[in-house]
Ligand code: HXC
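Only one chain is included here, represented as structure tokens and corresponding to the form predicted on its own.
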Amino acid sequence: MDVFREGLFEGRTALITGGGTGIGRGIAEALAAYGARCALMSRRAEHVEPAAADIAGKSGRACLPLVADVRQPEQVEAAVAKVVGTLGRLDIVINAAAGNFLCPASDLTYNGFGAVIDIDTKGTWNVSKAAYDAWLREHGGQFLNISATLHYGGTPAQLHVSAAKAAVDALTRNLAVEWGPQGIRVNAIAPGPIADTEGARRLFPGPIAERLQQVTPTRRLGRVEDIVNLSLFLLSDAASNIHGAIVVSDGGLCLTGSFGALFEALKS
């Protein structure tokens, strides 16, 4: 059942990094369906251009494709300037761009660790800073960062991502304190495994996904729809007093302590 009112984000403009695929695309589709104009940012044109055309066609709303690398501040600044110049404003920023791969710490290279930090942590900051300078400093708005639960314990083969997402949580809380008085709300969502994404299919092949489901208290893995609905709530006025929060959506998996143990058990 549709729990959100029609036109909920009418008149607002949203920028979604990683908006061509997975969670980012799901959020973009929903924001457009509820009235927002969207801009999708990806470093790959083949991801973002078809997605933007599809979203615009289905919603009847403007959807701007942007090819830019979140690791490159100059590219990010140019992309944000294009959003403001083309769509006229920037109210919502979704930091969903991310990188991940399974690798034990003993095998992790300097470049491998740095690549994920550059995308997840520096990318979140680069986009946030550019959007703040270009529009939100003077007009207010919202940031919603996509984090994770991996760093709540120790997760084998995920050191790089755990470190990057822990930093994203710190960015979320610090920016909430500093930018909140300027009419800017900053929150994050920490998903658990989201089964219907390419990343989850790659990281959690059949046996791991099945075991994860068995040890999750709700006995199911997350879906993109779960993160989309939570995003819509947090971005709506119904959540106007939620600020600096990292909201977990993982079916209770992180409460069980099973995530790290499961990877250890399945390594062989």
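These numbers come from a predicted model, not from an experiment. Note that residue numbering begins at 1 and tracks the sequence as displayed.
Just so it is clear, the following notes concern the form predicted together with hexanoyl-coenzyme A (HXC), a form of the same protein that is not shown.
Mapping the unseen interface onto this chain, R202 counts among the residues with a heavy atom inside 4.5 Å of hexanoyl-coenzyme A (HXC) in the model of the complex. hexanoyl-coenzyme A (HXC) in the model of the complex comes within 4.5 Å of no heavy atom belonging to Q142.
R43 belongs to the set of residues with a heavy atom inside 4.5 Å of hexanoyl-coenzyme A (HXC) in the model of the complex. Not displayed here, hexanoyl-coenzyme A (HXC) is approached by I119 to within 4.5 Å at the level of heavy atoms in the model of the complex. Contact with hexanoyl-coenzyme A (HXC) in the model of the complex, judged as any non-hydrogen atom within 4.5 angstroms, is confined among 24-32, 60-68, 215-223, 43-51 to 43-51. When you look in the model of the complex, the only residue of L90, A130, L150, I189 with a non-hydrogen atom within 4.5 Å of hexanoyl-coenzyme A (HXC) is L150. Taking a 4.5 Å heavy atom cutoff to hexanoyl-coenzyme A (HXC) in the model of the complex, the contacting residues in 98-115 are A98, G99, N100, F101, L102, C103, T109, N111, G112, A115.
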